[in-house]
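Just the one chain here, the form predicted alone, laid out as C-alpha cells.
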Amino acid sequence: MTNPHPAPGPGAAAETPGSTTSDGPQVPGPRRSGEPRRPTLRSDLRASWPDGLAALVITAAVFVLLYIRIRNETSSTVTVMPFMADADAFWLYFLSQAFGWSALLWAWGTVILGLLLSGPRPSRLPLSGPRLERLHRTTSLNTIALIAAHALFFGAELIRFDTAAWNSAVATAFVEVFVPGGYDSGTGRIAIPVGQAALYLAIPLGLLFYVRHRIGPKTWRVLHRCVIVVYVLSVWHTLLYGTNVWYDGWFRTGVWLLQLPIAALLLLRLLRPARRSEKLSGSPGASAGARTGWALRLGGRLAVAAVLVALVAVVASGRDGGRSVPPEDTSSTHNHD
C-alpha cells in the first residue's frame, strides 16, 4: 500500500534526493555509491526485510495476546463464537487475526508516511526524505504481504475443519476466501468481499510505482491517489468482521481514534498541496473545465473536513457502530450473524 497523495512524479522525491521548486522538476542531489538511479522492486524487496521482520514480531506478539485472552475467556471472540474457546483447536484462525491486525497497523503506517512525504511535514524528523520514501515503499510491500497472509491463514483454517476430501476442501476454501460472493454466512457476506476488494486493489496499486515510467507520471499519480480507498476498505472490513472489535468498547473506539491523524494529514495535504496546479485559487475560472476542477478540489476539501468532524464526534460520543454486549446467557437470545 502506498501514498494516497504522492509527491510530484518523475524527478520528485521518489526519484532522487535534492531540492524541489513549487511546481517544477527537482534538482538531483548526490547519489550514494551503489544506489540505483531508479528504485526497483528487487532493490526494495531486499531492503524490506528489517521492516518485514518487525511486522512478524508484532504479529507474533498479537497472536500470543489473542491466544491468552481466548484461554482466559476475556476476548469478545469467545462471546461472538463460543465454540472457539478451545484456543488450541482454532490456532490458525487466531493467527489469521494476528496477521490481519498487523496488516492494518502497517497500512496505517504507510499511509501516514505517504501523507508526510507528499504534504507539509515537520521540519525535524528522525529520518531524511529519501529514507522516509524508502521506508514508505517497504512498508507498502509488507502491507500487501500481511494482507495476503491474513487471507491465506483464514483459508487454511477453513480447510482444516472441512470434512470433505482434500481437493474439495481446498476448492471450497479458495472460493470462500478469494471469490467475491463465495462466502455466504452472516456478516461475512458483506465483510469478506470488502476485504477481498482491499487485497485486489492493494496489489496493483502498490506495484504500479515500479512501472510508473511506462504508464506516465500523470496516470500513475491519478491511480496512486486511489490507494486511500484500499485503506478505507481495510478499516471497514475490520470494523465489520473483527470479532475483537465486534462490540462497543474502548478497543473499537481506539480503531476509530487512529483514523484522526490520517484525516488531519489528508486535510492538510489538500489545503497546502505541493503542486501549484492542485491549489484552490480564489476564483473558479472562466472555462467549464476550470470551474469543474475548482469545484472538485473544493468538494474534496469539504468532504475530508466533514470526515474529520465525524471522526471526532464518534470518538467523543463513543457511538462507534459496535453491537451491544449481549447478556451472559446467549444460548437462545443472541444472533451472532
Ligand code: HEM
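On a predicted model such as this, the values are computed, not experimentally measured, just so you know. One rule holds for the numbers: they count along the sequence shown, beginning at 1.
Keep in mind that the form predicted together with ligand HEM is missing from the display, and what follows is about it.
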{"item": "Partner-facing stretch of 149-157, 256-264, 114-122, 221-229, counted where any non-hydrogen atom is within 4.5 angstroms of ligand HEM in the model of the complex", "value": "149-157"}
{"item": "Within 4.5 Å of ligand HEM in the model of the complex, all of 177, 237 and 244 (non-hydrogen atom)", "value": "yes"}
{"item": "Residue 135: touches ligand HEM in the model of the complex, heavy atom cutoff 4.5 angstroms", "value": "no"}
{"item": "Interface membership of residue 139, ligand HEM in the model of the complex, 4.5 Å heavy atom rule", "value": "no"}
{"item": "Heavy atom of residue 196 within 4.5 Å of ligand HEM in the model of the complex", "value": "yes"}
{"item": "is_contact(residue 87, ligand HEM) in the model of the complex, heavy atom dist at most 4.5 Å", "value": "no"}
{"item": "Residues in 67-104 close to ligand HEM in the model of the complex, defined by a heavy atom within 4.5 Å, in order", "value": "81, 93, 97, 100, 101, 103, 104"}
